[in-house]
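The form predicted alone is given below as one chain in structure tokens.
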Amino acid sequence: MGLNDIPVFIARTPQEFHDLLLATRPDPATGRPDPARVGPFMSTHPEVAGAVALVSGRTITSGFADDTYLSLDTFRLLGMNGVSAPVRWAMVPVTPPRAAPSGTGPDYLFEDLIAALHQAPLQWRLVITTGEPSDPTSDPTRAWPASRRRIDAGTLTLDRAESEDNGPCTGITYDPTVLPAGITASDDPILPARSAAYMRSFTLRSGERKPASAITPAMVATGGPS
């Protein structure tokens, strides 16, 4: 799964996302987006403006361990009778909110996660939300109503972390359109765009020399930086 800790995606289509990136690119003089570009774009793309407001207003948790992760895009579950239902899903933490990590370095969130796993396993509930006919399936900028039916589909338990160095994920890429039997992609145009972009990125990265990971096997084994 490729899950995000934002409530909605910030563009409806690949072209809109492309245009948003251009409108918000940093100004070389200030290092920040130019309001003269951002303002007109947002005024002509109210759905993007609304999605950005939802993302900006979300609750920021203490770290990875107590955060919620969402699919954002809509998929379809296929029934034995051939009927399909639109679904979105989330990984909801079992861990109650914690105090903020004490670290301040560039990798402190990863260090905090490793330290937490050395204390006890971390768990998330897989919660599947089923959509109604009125719910948008092709627009990931729009959240579904909180009243929709939710299915508790299982528990994800993490009991250890691994370094990227010689780890099992180095030689693979995520593709949201590669799905198991019983699940298909919806009409959300962001899904095929993500598939194409991730494969292009994987191809380019495969030709690069990868530096050593900042999170080393020794850090993972001992529970923190040495």
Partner chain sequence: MNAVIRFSALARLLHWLMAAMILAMLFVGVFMAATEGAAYDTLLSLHRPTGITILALAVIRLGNRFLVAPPPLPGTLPAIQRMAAKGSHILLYALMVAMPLTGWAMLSAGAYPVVFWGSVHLPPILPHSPALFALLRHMHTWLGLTLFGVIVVHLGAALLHALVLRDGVFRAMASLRPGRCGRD
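Residue numbers count along the first chain shown, from 1. Keep in mind it's a predicted model, so treat the numbers as computed, not measured.
Separately, the form predicted in complex with the partner chain exists; it is not shown, and the next lines address it.
Trainee: Taking heavy atoms only, is residue 163 within 4.5 angstroms of the partner chain in the model of the complex?
Mentor: No - in the model of the complex, heavy atoms of residue 163 and the partner chain never come within 4.5 Å of each other.
Trainee: Any chance residue 26 has a heavy atom within 4.5 Å of the partner chain in the model of the complex?
Mentor: Taking the distances in the model of the complex, the answer for residue 26 is no, it never comes within 4.5 Å of the partner chain.
Trainee: Since only the chain is shown here, I'm wondering whether residue 193 would be in contact with the partner chain in the model of the complex (any heavy atom pair within 4.5 Å).
Mentor: Residue 193 belongs to the contact set for the partner chain.
Trainee: Can residue 199 be called a contact residue for the partner chain in the model of the complex at 4.5 Å between heavy atoms?
Mentor: Answer yes; at least one heavy atom of residue 199 falls within 4.5 Å of the partner chain in the model of the complex.
Trainee: Report the stretch among 64-72, 34-42, 174-182, 48-56 that approaches the partner chain in the model of the complex to within 4.5 Å, counting heavy atoms only.
Mentor: Selected range: 174-182.
Trainee: Thinking of 2, 131 and 134 as one candidate spot, does the partner chain come within 4.5 Å of a heavy atom in every one of them in the model of the complex?
Mentor: No.
Trainee: Can you tell me which residues in 4-25 come within 4.5 angstroms of the partner chain in the model of the complex, by heavy atoms?
Mentor: Residue within 4.5 Å: 14, and no other.
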